[in-house]
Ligand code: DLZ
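What follows is a single chain, given as structure tokens, in the form predicted alone.
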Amino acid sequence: MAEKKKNLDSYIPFQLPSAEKYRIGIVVSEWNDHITDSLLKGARETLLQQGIKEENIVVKHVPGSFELPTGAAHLIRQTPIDGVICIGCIIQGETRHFEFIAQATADGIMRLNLQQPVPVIFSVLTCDTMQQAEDRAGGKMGNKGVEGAISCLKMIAFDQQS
């Protein structure tokens, strides 16, 4: 089990690169929207705290996590952005559907990272229960949307240093 003290959501803002000139895309799954809305809120608030202007945060919704890679690819092609955060929530059910969707989503986002000129961040919860998802969407395990935003900013900075 992860420990809260190891989560990125307890970051120190001045340790992150200045983000005021960045333009960030966020692709959000509508499935389990009470979870993904909370993750989006955490990501958006973190980006704003780091100096990104509201108009430089582009949010697009897709039906489910499986569609996140396609949504991110469209956003990269159609919008000048520095990075994309993919937000979703996949919860284990009674069939193997969970495994297929989680693997396809992870593979799709990883492929985008290798093929696209901007970082694409995997901010998708893959939980056994709704309680685990709630714990990671602003509950006792922090907010993984915050972590997605931090990862995105760090990877943009990393890319610009290269």
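What you see is a predicted model, and the numbers here were worked out from it, not measured in a lab. All residue numbers are counted from 1 along the displayed sequence.
There is another form of the same protein, the form predicted in complex with this ligand; it is not shown, and what comes next is about it.
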Partner proximity in the predicted bound form: S123 to this ligand, non-hydrogen atom cutoff 4.5 Å
no
Would you classify I91 as touching this ligand in the predicted bound form, given a 4.5 Å non-hydrogen atom cut-off?
yes
Should N32 be classed as touching this ligand in the predicted bound form when contacts are defined as heavy atoms within 4.5 Å?
yes
Is G51 close enough to this ligand in the predicted bound form to count, meaning some heavy atom within 4.5 Å?
no
Residues in which of 95-103, 53-61, 112-120, 38-46 have heavy atoms within 4.5 Å of this ligand in the predicted bound form?
95-103
Sequence order please: the residues of 34-52 with a heavy atom within 4.5 Å of this ligand in the predicted bound form.
none
